[in-house]
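The chain below stands alone, shown as structure tokens; this is the form predicted alone.
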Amino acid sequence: MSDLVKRTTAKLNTVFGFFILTVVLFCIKTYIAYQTEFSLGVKGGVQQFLLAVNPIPAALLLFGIALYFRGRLVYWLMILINLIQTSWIFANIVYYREFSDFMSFGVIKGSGNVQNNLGKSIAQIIHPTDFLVYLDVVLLIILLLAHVIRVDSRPFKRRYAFTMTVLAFSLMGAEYGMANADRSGLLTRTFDNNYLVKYLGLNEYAAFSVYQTQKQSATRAHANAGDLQSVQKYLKHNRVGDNSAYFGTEKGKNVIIIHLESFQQFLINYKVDGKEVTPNLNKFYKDQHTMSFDNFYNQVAQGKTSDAEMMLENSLFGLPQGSAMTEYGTQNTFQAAPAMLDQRGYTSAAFHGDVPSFWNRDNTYKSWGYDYFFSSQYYKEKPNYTVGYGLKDKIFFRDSAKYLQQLPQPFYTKLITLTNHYPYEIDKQNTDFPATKTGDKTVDPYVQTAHYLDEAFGEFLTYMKESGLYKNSMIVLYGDHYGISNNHRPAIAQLLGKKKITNYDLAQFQKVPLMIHADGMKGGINHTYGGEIDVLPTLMDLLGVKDDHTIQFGNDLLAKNRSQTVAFRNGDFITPQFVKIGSTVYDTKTGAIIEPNAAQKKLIAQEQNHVTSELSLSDRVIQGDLLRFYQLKGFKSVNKSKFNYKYANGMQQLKAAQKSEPTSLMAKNHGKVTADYKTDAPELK
């Protein structure tokens, strides 16, 4: 035993021995912090493995810097590097506790004082046990000062130091390869900072955050107020008026937007084995007071759901790559629907049964001016309550109702469903509908989760009618993006009843539903061509909000003189006459490929120029943060610091609102609910 101790001590008394000890201790404490301080949502063996090993490459790289030096400096450089890295872990532990997210370089740079982001009293947030993260640093200092570990004055060979650097980068590459195989688009789409940390590590996340912030800052720094001139000129030329028959008809009503996750238009009235997939939505779609659009397209790119939200709330396109919400949502200036309506007496709230950090919603919603954000922390969670990306829809709607009852009216709300999300998993006790039989394991269960969503919507619709919300609200349903990607051509062909499908068919497959319902509204099926970029101007006109000077790229779907050109994010487009996919042009009515004549070529070129212009100008607004230079008449800039979406703050705010603004359903009903929520969710029985 004594020989083992001697041999171990001898190895620790070398530069390389101290280096390995430092790396091991640092990686162990990082892994412990991952498991105890953060909610990373680690699932499966691959993610567990990556979480355990992801501190190693960065530790080898950073501590390896010290190996290029000599003497005592090597040891104290390792201590200093450890101290800096540990302080980064400590800061994130504290920040995560308050915001359920990791600190970004943009937050640090933008705030000027991190303490402002942590509330009034850091002392209330920090726990004494947080300082244990420094334990290994203290231990290493003591071991050196007490000469338990002696300084090795022999020079460490540079080639060995360089080998360690190469090894670190090689491991990083291998780690990224495994991570991207398990979660494709990890760095290009940046869904959630939690994903970056659990797959790549806290230090790699920090480096990526610096890169993102610097890239954004460079673009932002070169932007100026003059850049708005071309944007305003374009909008002035292309803006259309409202429809006088509908303008202001829903003024003062609540707005309830239901985000139908991954829901495509073909599901409406679709049957499997003679059974309707979505009977409740079908009935709502055909209601005499519902305006339904059957030529309405999703226009998302890599940002998927976040792109749809960006268009819905701002009438600005998502980015050609990545997500505008994750890259620009924290720091940019916006003039979004929640803030615009909030300044007209509305209460605004978003509901989502997932972690608040996904797609950077917790920060972006502050920039958009949401008063409340009811995320997963507001919902009771049990293992069988969730599936895939969060809370099951039936439970989500039921638990959201108790918060809806307390919101001061009129309110603007958005409820984001989750169950109908890839990979379309639902447990047997909630499956009472047959799958399709295409043989594609991804496609076939899609109708089952869509049917479940339909049942959940039916229950929520019943609640709205019984509670009194139905008559006094404008209810909006929209699909955010496709559920079945173009990679499943054989299965799509079977779903559509075709032998084979063309690019034209795939373009039509990008249709998603849009339904706008209000008591007394003259409804019907509207055949105008439009997309998600057009939703906000449509809703604002119905609410009687003039938007003649807003920086919005959509137009009212009810306007009679609109162009009906639908731009896809890749530059393709659809009009009532043409479908242009790449260099191929199809006839919109027949789907036949056409060889354009001279007149048609000129018209197509004009449409292409229009599409290219609006996409590039919208990108310029977001990437240059141009709205910081634009003062919209009657609009006050959003003060992000006034919003706090933590559970305790939200509940306190709701409670205070019952007295200061007694217009909620419960306040009007003497503090009692106006209707009991009825659901057949088996998990609740």
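Remember, predicted model here, so these are calculated numbers, not experimental data. Residue numbers here begin at 1 and follow the sequence given.
Just so it is clear, the following notes concern the form predicted together with (2R)-2,3-dihydroxypropyl phosphate (GP9), a form of the same protein that is not shown.
Item checked: Close approach of residue 451 to (2R)-2,3-dihydroxypropyl phosphate (GP9) in the model of the complex, 4.5 Å, heavy atom -> Outside the cut-off, so no.
Note to self: Contact with (2R)-2,3-dihydroxypropyl phosphate (GP9) in the model of the complex for residue 396, defined as at least one heavy atom pair within 4.5 Å: yes or no?
What the structure shows: So residue 396 does not count as contacting (2R)-2,3-dihydroxypropyl phosphate (GP9).
Note to self: With the partner left out here, check for me: in the model of the complex, does some heavy atom of residue 389 sit within 4.5 Å of (2R)-2,3-dihydroxypropyl phosphate (GP9)?
What the structure shows: So residue 389 counts as contacting (2R)-2,3-dihydroxypropyl phosphate (GP9).
Next item on the list: With heavy atoms only and a cut-off of 4.5 Å, decide whether residue 418 touches (2R)-2,3-dihydroxypropyl phosphate (GP9) in the model of the complex.
Entry: Taking the distances in the model of the complex, the answer for residue 418 is yes, it comes within 4.5 Å of (2R)-2,3-dihydroxypropyl phosphate (GP9).
Next item on the list: Can you check 332-340, 563-571, 511-519, 347-355 and let me know which stretch has heavy atoms within 4.5 Å of (2R)-2,3-dihydroxypropyl phosphate (GP9) in the model of the complex?
Entry: Contact-bearing stretch, as computed: 347-355.
Check: Tell me, which of 371, 313, 480, 556 has a heavy atom within 4.5 angstroms of (2R)-2,3-dihydroxypropyl phosphate (GP9) in the model of the complex?
Finding: Only one option qualifies, and that one is 480.
Notebook entry, point to check: (2R)-2,3-dihydroxypropyl phosphate (GP9) isn't shown here, but in the model of the complex which of 261, 101, 327, 532 has a heavy atom within 4.5 Å of it?
Noted result: Exactly one listed residue reaches within 4.5 Å, namely 261.
Note to self: Could you pull out the residues of 199-215 that have any heavy atom within 4.5 Å of (2R)-2,3-dihydroxypropyl phosphate (GP9) in the model of the complex?
What the structure shows: Residues within 4.5 Å: none.
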